[in-house]
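Let's start with one chain on its own, the form predicted on its own, as structure tokens.
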């Protein structure tokens, strides 16, 4: 069996995993990244989320104030430049940043290569061993061949707590989660603008729903904000199917979503004039699954923490997005923090309650189901990923505490 010894293993090559690998490598750590797919970026590229949310404080004046670290702000600026986009301010003051998935994919690869991060793609995490309060080994299957990795620390950015699952650790989970979405790209359309296209699609879906007696959970089709570029646009279908921790069930939902899109689109073309000459360019390979089970950390971020804008002495990320909950009827509910400067995420949400060298980031941080409805967005995932990478690089508790204080100071300097 092939063996690898390394300082740090990052499980999951999504946006949080990318940030974690950069954060750790900046300290001189040797980093190995494990990604089950053959492409990096997670939902941000494979599902083409299309907008970065939570990267700015809510706009209450003339200023656009970015949240987070220099790394997160500079990465977002580069993404806007390459995607030729700029922030969009919504009516409620929320700010979204549209992006082109291929440009994000390019940035991730360039930065990881520059930092000499070792990538194991198409690699499934198959086993984990612990001794006392530390992970000893991870076993990975790549092309059917086992690889044993011995790390100093592990950061689980998998989105479903796969490391905690394999080790039988306590999880935070529900029977069902928020509705998922399937995004697809349409090409060769003619539209005077995004607003006009959005309204035309909305009217068409309302009419078709009435004519075909569709239920309310069959009516949610929308334009991804900022995705109309030249002659193509991305459309998001919110799905009525129950999302659970059963990955096989979720794969079946993805298959049904593709079938529904292929059935719906010809009718939509006949109804919306802007789409009459258009065709489906691509249906993205992953479902946009928003929330799944998560690992339990030393602290569990709560709904009350988010809504009251709670501050922590060991804050390592600032959450600026409301609690966003998508129902199976395609409708979204937003619940805002009571303070303009958001809420803090403490370092104790990023460290396992059971193991000293297991950390979390992204959608896998220790948070209640309601709280993760805010903290799961990409702008916040960049922050928690970067912070987890930096903290996990510390060899002693004294070093880790010093790193947390340094991260906290950088956040404080950028806070509105």
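Numbering follows the first chain given and starts at 1. Please read these numbers as outputs of a predicted model, since none were measured by experiment.
One more form of this protein should be noted, the form predicted in complex with a small molecule, which is absent from this view; the next part is about it.
Novice: Taking the small molecule as it sits in the predicted bound form, is residue 20 in contact with it (heavy atom to heavy atom, 4.5 Å or less)?
Specialist: Although the small molecule is absent here, residue 20 would stay clear of it in the predicted bound form, with no heavy atoms inside 4.5 Å.
Novice: Residue 290: heavy atom within 4.5 Å of the small molecule in the predicted bound form?
Specialist: Looking in the predicted bound form, residue contacts with the small molecule include residue 290, since a heavy atom lies within 4.5 Å.
Novice: Taking 4.5 angstroms as the cut-off for heavy atoms, does residue 42 touch the small molecule in the predicted bound form?
Specialist: Contact check for residue 42: yes, within 4.5 Å of the small molecule in the predicted bound form.
Novice: Indicate whether the small molecule has at least one heavy atom within 4.5 Å of a heavy atom of residue 330 in the predicted bound form.
Specialist: Residue 330 lies outside the contact set for the small molecule.
Novice: Given that the small molecule is left out here, which of 31, 378, 367, 67 has a heavy atom within 4.5 Å of it in the predicted bound form?
Specialist: None of the others qualify; the residue that does is 378.
Novice: What stretch, of 301-309, 105-113, 150-158, 340-348, brings heavy atoms to within 4.5 Å of the small molecule in the predicted bound form?
Specialist: Partner-contacting stretch among the options: 150-158.
Novice: Looking at the small molecule in the predicted bound form, is some heavy atom of each of 355, 388 and 405 within 4.5 Å of it?
Specialist: No: none of 355, 388 and 405 comes within 4.5 Å of the small molecule in the predicted bound form.
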